[in-house]
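In the form predicted on its own, a lone chain appears below as structure tokens.
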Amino acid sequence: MRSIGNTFLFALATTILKTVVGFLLALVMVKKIPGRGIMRTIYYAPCVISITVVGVLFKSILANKGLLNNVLQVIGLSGLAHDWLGSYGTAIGSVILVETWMWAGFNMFIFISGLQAIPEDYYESATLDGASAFAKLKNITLPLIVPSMTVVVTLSIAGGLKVFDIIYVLTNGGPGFDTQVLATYTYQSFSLGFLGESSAGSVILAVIVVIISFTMNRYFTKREVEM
């Protein structure tokens, strides 16, 4: 049951964070600003880095004597130093943030495509009517960005539910069962020879991914606006 709860927590938290951060980045990167191409590349780069490299990188940053704790000590905040990946409570949060760092840039590009597809005439008409920036965001951008939102949320929730690699390389489900998810539980059960439990975990995971992904996809598809 702990692995199922962690799976839902990870999927929900990463989906919200990756969607929000990706959308905010897209709102900035769609504008004609200096260095836009370079910044887009920087934000997108994490999702093409090998997961092994990401694991080594963040293990060195978040370790008990890692970069983050050394920086906290230098700036006089040594009391906040922590074994981020080896302590209950912070391990799952750390993995969630690493996952968000990796994939927010990917979602950014999906949102940029959606934003660029919105006709400028809508914004020009709203400006002539005296609409504020918030009103444009609420009444034009958000309704017309729903097709991109459908893709982002569906991919994020499916990826979050079947997550394995980032958990495996950073914590391997530990400390204890603090970051254990269904995929790592299934893998460890199979490795120990518990074929029944492993098969049951695989079936449960597949059913959960299909049902939730299908439900979310239908929910957002019904709210898509024809331009």
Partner chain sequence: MTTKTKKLAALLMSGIMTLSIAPVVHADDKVELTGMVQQSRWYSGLQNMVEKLEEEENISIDFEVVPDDQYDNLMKMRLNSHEAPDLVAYQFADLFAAVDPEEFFVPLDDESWASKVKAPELTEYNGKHYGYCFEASNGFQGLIYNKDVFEANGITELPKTLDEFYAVCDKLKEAGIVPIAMPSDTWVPQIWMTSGMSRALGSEDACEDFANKILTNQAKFNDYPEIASVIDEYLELFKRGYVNDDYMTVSYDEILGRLASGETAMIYGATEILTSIEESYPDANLTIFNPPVGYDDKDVLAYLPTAMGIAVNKDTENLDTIKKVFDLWSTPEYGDLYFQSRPGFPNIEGIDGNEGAMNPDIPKIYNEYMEEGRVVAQMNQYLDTLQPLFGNTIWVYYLEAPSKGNMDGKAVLDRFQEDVDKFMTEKGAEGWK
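The structure displayed is predicted, hence computed values, not measured ones. Residue numbers count along the first chain shown, from 1.
The protein also exists as the form predicted in complex with the partner chain; that form is not presented, and the subsequent description refers to it.
Colleague: May I ask you to state whether Q188 is within 4.5 Å of the partner chain in the predicted complex, using heavy atom distances?
Modeller: Contact check for Q188: yes, within 4.5 Å of the partner chain in the predicted complex.
Colleague: May I ask you to state whether L85 is within 4.5 Å of the partner chain in the predicted complex, using heavy atom distances?
Modeller: It does: once the partner chain is placed as it appears in the predicted complex, L85 has a heavy atom within 4.5 Å of it.
Colleague: Give a yes or no for Y168: in the predicted complex, does one of its heavy atoms lie within 4.5 Å of a heavy atom belonging to the partner chain?
Modeller: Looking in the predicted complex, residue contacts with the partner chain include Y168, since a heavy atom lies within 4.5 Å.
Colleague: Would Y44 count as touching the partner chain in the predicted complex under a 4.5 Å heavy atom rule?
Modeller: Although the partner chain is absent here, Y44 would stay clear of it in the predicted complex, with no heavy atoms inside 4.5 Å.
Colleague: Among I49, I38, L192, L57, which has at least one heavy atom within 4.5 Å of the partner chain in the predicted complex?
Modeller: Exactly one listed residue reaches within 4.5 Å, namely L192.
Colleague: Going by the partner chain in the predicted complex, which residues of 153 to 182 come within 4.5 Å of it through any heavy atom?
Modeller: Residues within 4.5 Å: Y168, N172, P175, G176, F177, D178.
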